[in-house]
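Encoded as structure tokens, the following chain is the form predicted on its own, with no partner shown.
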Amino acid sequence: MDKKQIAVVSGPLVRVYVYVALFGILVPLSFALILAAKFVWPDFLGTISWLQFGRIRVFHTNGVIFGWLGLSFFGILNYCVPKLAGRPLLSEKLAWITLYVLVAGVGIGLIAELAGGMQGIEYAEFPWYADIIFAAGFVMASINYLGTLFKSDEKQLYVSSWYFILGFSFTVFNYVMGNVIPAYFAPGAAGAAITGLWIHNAVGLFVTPMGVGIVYFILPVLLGKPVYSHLLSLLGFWTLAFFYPLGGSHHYFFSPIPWWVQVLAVPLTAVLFVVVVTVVYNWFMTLKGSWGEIPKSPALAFMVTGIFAYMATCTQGPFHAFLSVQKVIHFTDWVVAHAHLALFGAFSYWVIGSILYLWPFVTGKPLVSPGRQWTSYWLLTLGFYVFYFAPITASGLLQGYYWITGAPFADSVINSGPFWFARLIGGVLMYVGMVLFARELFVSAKGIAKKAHSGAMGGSA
């Protein structure tokens, strides 16, 4: 990074985005604890309408996807994009306005969901008026970040820039499609097929490009060496861009949508294993010779643990596309565990690791407590993998085989009880881990000057 790239990052902008994103995980995660408790004690909180499963479940999912991952991605991009472009954001003022608009859209949407005013579309339950506000904010963000990259004087785009361009370009159209067509123009099975495409692409063409692009930026910086292969990085990128948008109907195997559409999703999903191989191999080769650095850096530990989770979830995905597997796992807890392995085990870990890395640069102060960072890591890892992911994966298999045998449905519910209790314990541990992470950021930033030292803005990316 040459001298012209020093002080291109606005520290206050990054910090405020991260603070809002922390609110966007701690509140939805508290609702997740209520959900977990209801599986153990169905009468928990009685008949309070806005705390029933059908409302708080969508509050949790939308809050995590848009309030936590969405805003934390943008916060990290406020750091990464200027570095990649070698210039400040196209408009810092627009970035602040974007934050206000996005918070208004997400806030209004979540409150409406608790009040029962929502669309019947998975991951798109926000009512139309919240959709318009959020979409406006997303378009503003797209203009700002893409405009910054397109106005760069850099002669070659680094692979992270490619991923960010893909994520914004696809999601602007995908969000409109998923929120408008099923609700107003294609009811029934046709609308369900479009909804499946929206769900599929919301994860694969927004969350995935942002997360993978961030890892390609942060991992080499943490290791102090370049990515292993630029060619492999582009191969993984183009495989994702060409094949991922076409396999969304695998969300509706054995449904009323045309059978040929479902069958076509099998090979289109299986080919995505190429993405796993190229991307993860590239990261592992970048890590070659540096594995000993992981115990020294909580940020690196979060990043690498997330890479293993990404490898696992992206291996599960093509495996799920086999119809014989779907007969067992469809509609079971296995799918819930798989979704959390991606959104929490991979992408949330990458976000946490990235924020731990960049926080000293945007505050001008070092992180205060390595012990607190490691405690957060181990609470999150123990809570998620031991008490959440493993039991819920096992309960999914149990449920699937119960249903195949034709046993009474109630038997699968009763025998899932111990696994659901383990999930509640895991949720408590995960929540405490996230609180410790947030506390580390707040304590480390305490008392910083209104304007961070310009040298701290430079970093070494």
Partner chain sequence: MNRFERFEGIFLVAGIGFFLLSFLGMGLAPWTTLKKLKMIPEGTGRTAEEELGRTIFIHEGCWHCHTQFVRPVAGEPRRYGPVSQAMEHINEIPQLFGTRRVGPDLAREGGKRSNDWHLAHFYNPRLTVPWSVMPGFPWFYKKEGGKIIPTEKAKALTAYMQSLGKSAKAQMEKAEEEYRKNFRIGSILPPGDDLLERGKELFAEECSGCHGPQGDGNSEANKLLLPAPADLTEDNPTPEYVYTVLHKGIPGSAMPHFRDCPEEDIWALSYYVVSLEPKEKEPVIPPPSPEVIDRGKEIFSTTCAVCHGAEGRGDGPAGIALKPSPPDFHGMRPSFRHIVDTLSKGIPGTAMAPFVQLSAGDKEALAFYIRSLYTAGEKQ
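Numbering follows the first chain given and starts at 1. In this text the structure is predicted, and so the values were computed from the model without any measurement.
Another form, the form predicted in complex with its partner chain, is not on view; read the next lines as being about it.
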- [ ] Could you check which residue among 108, 101, 177, 270 gets a heavy atom within 4.5 Å of its partner chain in the predicted complex?
- [x] 177
Task: Listed residue that, although its partner chain is not shown, lies within 4.5 Å of it in the predicted complex (heavy atoms), from 169, 297, 91, 229 - done: 169
TODO: Using heavy atoms and a 4.5 Å cut-off, decide whether 224, 385 and 422 all contact its partner chain in the predicted complex.
DONE: no
- [ ] Consider residue 251 of the chain shown here, and say whether it contacts its partner chain in the predicted complex, taking contact as heavy atoms within 4.5 Å.
- [x] yes
- [ ] May I ask you to state whether residue 293 is within 4.5 Å of its partner chain in the predicted complex, using heavy atom distances?
- [x] no
TODO: Please run the contact check for residue 332 against its partner chain in the predicted complex: heavy atoms, 4.5 angstroms, yes or no?
DONE: yes
Task: Contact test in the predicted complex: residue 30 vs its partner chain, heavy atoms, 4.5 Å - done: no
Open item on the list: Based on heavy atom distances of 4.5 Å or less, which listed stretch (281 to 289, 351 to 359, 257 to 265, 76 to 84) is in contact with its partner chain in the predicted complex?
Closed with: 257 to 265
Task: Residues in 186 to 200 close to its partner chain in the predicted complex, defined by a heavy atom within 4.5 Å, in order - done: 186, 187, 188, 189, 190, 191, 192, 193, 194, 195, 197
